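One chain comes next, on its own, written as structure tokens: the form predicted on its own.
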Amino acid sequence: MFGAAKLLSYVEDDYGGVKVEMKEAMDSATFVSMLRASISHWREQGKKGVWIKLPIELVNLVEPAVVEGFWYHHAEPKYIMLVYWIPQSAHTIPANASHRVSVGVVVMNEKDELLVVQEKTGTFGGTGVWKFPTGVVDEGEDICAAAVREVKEETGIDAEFMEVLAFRQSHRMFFQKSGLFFVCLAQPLSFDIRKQDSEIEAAQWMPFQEYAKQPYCQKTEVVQYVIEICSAKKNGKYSGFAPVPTTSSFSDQKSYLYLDSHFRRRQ
């Protein structure tokens, strides 16, 4: 039945499946004919998962693919990824990314003053609470780079990343996804504050003890832990995790391994 039908262009993945990246426009009937022929061909080859990447311009092909048994895996601004499982068994296709990564940055000067901000919007907007600069890590951005960027964006202060002091995992947060929040330590390289007008109500250097005495800090357990960690760090009784550039067997691209800042690898 499908012998004369043209197949969709595809590449094999590393897990016994195939990947299709649609680029050219076509009508639904042609697409369905090619899709059915392709699935028949892949089934004969013993393939498992089928991934179809549809650019937003080809949105007309989403419905016919879903009718054929595909389901949504994830969506980005310029494409939708659909998946299909060929074997008559429970699928092993991994779920979409489940976490959002964000940072909070402790910046302290030689006077034991913390760099703190008041936000105009969000959870803390209009509350008068002074907090560390915080923000979301961008796609493809390292945690250490995000920490330096957020400090610069919110306060105008140049900083050097030092360590990850701690991190927290939480669930059912942004769009019901989980979150990883990294508490980072950075050293200031400049001291004159130029706050971000669009998001930040105020920014200043605040004595550490004054920050810690805020009612919000006193009643929030996770903040109390951070305050205690900062106190221990000031007294040389706590070691965070410093970034070390590394490569892996999967890629020559540099990534960071965060480890005890006092650790020295034996050469």
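For clarity, every value in this text was computed on a predicted model and none was experimentally measured. Each residue number is its position in the shown sequence, starting from 1.
There is also a form predicted in complex with a further copy of the same chain; it is not shown, and the following applies to it.
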### Partner-contacting position among 107, 117, 165, 157 - heavy atom within 4.5 Å of a further copy of the same chain in the predicted complex
165
#### Entry: Contact residue in the predicted complex, from 193, 86, 148, 137 (heavy atom within 4.5 Å of a further copy of the same chain)
137
### Query
Is residue 257 close to a further copy of the same chain in the predicted complex, meaning a heavy atom pair under 4.5 Å apart or at it?
yes
#### Entry: is_contact(residue 240, a further copy of the same chain) in the predicted complex, heavy atom dist at most 4.5 Å
yes
### Query
Though only this chain appears here, would residue 202 touch a further copy of the same chain in the predicted complex if you measure heavy atom gaps against 4.5 Å?
no
### Query
Is residue 153 close enough to a further copy of the same chain in the predicted complex to count, meaning some heavy atom within 4.5 Å?
no
### Query
Taking heavy atoms and a 4.5 Å limit, what residues of 84 to 120 are near a further copy of the same chain in the predicted complex?
94, 95, 96, 97, 98, 99, 100, 101
